[in-house]
Every structure is written in C-alpha cells, then in structure tokens.
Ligand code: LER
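The chain below stands alone, shown as structure tokens; this is the form predicted alone.
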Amino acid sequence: MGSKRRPHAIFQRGMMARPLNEDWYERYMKSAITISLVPEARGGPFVLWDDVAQGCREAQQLGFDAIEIFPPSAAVVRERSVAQLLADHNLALAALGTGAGWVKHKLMLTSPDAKIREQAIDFVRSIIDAAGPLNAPAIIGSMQGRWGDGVSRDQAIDWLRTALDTLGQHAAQYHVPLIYEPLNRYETNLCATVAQGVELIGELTTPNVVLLADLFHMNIEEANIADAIRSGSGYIGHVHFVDSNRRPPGLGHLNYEPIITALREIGYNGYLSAEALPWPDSLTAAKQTIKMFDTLLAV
C-alpha cells in the first residue's frame, strides 16, 4: 500500500497545521521535561522522578513550557491532581506516555495472545482519556511490541495498524492526535526509522496519528537525522530532545544545528521534550536541557 498522507483537518502535508483544539497549537517549538512516576522504569531515560508537584516547581523555575509524564496508570494522573498542578505552575502537558503498559503490566499491542492485545488497547485508551481533557496526546512506544516467536512481521504490523486506527480515532474526540514512536532495532523490529513510520501511518484509516522523532533512536537508525526529519514532513508531531548517549542534549556527539534547521523547514511547532537520563543528576540534567533549548532556538 502507498504511504501518501491523507489530507485532513488537523495536519497537512508539508507542515503541521493548526489543530481543531487551538490550545494544542502554538507557533513556535516549545520546551518540555519528562517526569516518570513508574518505579519499574527506574534507571530509564527520564529527567525527573516520582513527584509531579516538585517536578512542576522545578520546570516552572527553569523556564520550561511543559512537562511530559509517564504514569503507571490513568488513575494516577487524577490522584496526583495534575490538572491543578499545571494551572498553578503555568505549564502545559506535552504528552502522557504509555510505557508502563509494557514495563509494569507486560502488555503489548502485537502480543500473540488476543486477550493481552485487548488489554493493551484498553490501557492506552485509558491514558488517552486522561491526557485528552488536558489538551495532551498519548504516546505509543514500547507497547507496540515486536514480531517473532510464532508471529510473522505481516501479522504483527496488521495488529499494530488496527490498534493505531482504533486508538487514533478514540483520541480524535479530544481534538489531539495519537503519537506513535519508531524505536531502534534493539527495542523493536517493527518500525525503526521515520520512513518506516511514515509508511505505517500512511496506511491507516484515521488521519489522527503522528510520529514521534526521538533523536536517540534516530542516531542509531538514520543515516542522516536532518534528512530523516525532512522525509517526515507532515507526519512528525513530537520530538524527544536528547543526545546520542541518552544524556541531556549537549552531552553527547549530536550536531543540533542541522536538526533544528530541518524542524524549522518542515514547519514543526511542537515540543522538544527531554526524554533523557538524569545525568549526572536530575536538576543538572534539567538545567542542561533548558540551556541547550534556549541556545539552539535563539539562533
């Protein structure tokens, strides 16, 4: 099947267009910092941990526009009074991650077990229902799973395509997209590059799914990150702002100037969100991230 993007109300080929929910749109790229609330993900690439209230205070003090939260469940978003914390600290919610579905609950959208696939869809749907009222999308990354162990690639892609269609349509009621993330070869064997992601979501029935361009994964899989970003014009809806070694930007070997140039060329106006290791510690990592954001976006 072809991968030409269908024209629709939220995104258009060549640049990101104003979505139906104008709260989700701003003209310029914006900064975000990650907060993980999932103990099972300890050691993973999240800058801030455990305490949303403290994370919001630090994000506001450092000048971030938004936070990106990785919750263990949708219920935790309500229990931690995230909506009130965002309002109190003049922050937006960039996105909610669904990775706990795999890390904590061992759910995959491409599991050979139909019951697990159904539970995985229900889990993502619940995250969408928590994020949507806060004008934020949900991200599908590790929950996509992989093919093998008796499941062919074609079958796994078909299950993934069905899940993205179902969940993208569900997200549309909140006038925000669903975000799908290609991962490097060590984490999935389904979609590892922007081009593969474009092909996948270009075949969907719903137009309400966009790609996440994670610079760490792209450093492994793409021959040229800037060119890959250009090839994702009209599809890229979120960026994970991180360096080649998963440390905060500026602490690895990525050359960011051509990357930012490419994002500007495709009209990207979403978040640069720091899904990075808290190296050498959370506060220092957060300060390094906002310093690099301000330096690069001032050019």
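Everything numeric in this text was worked out from a predicted model, so none of it was measured. Start at 1 with the first residue shown and count on from there.
Another form exists, predicted together with this ligand; not displayed. Remarks below refer to it.
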{"item": "All of Gly141, Leu183 and His217 within 4.5 Å of this ligand in the model of the complex, heavy atom check", "value": "yes"}
{"item": "This ligand: the contacting residue among Glu118, Glu187, Asp227, Asp129 in the model of the complex [heavy atom, 4.5 Å]", "value": "Glu187"}
{"item": "Single option in Arg57, Arg264, Arg246, Lys30 placed near this ligand in the model of the complex, where near means a heavy atom within 4.5 Å", "value": "Arg246"}
{"item": "Proximity to this ligand in the model of the complex (heavy atom, within 4.5 Å), stretch among 264-272, 57-65, 251-259, 238-246", "value": "238-246"}
{"item": "Residues within stretch 103-140 having a non-hydrogen atom within 4.5 Å of this ligand in the model of the complex", "value": "none"}
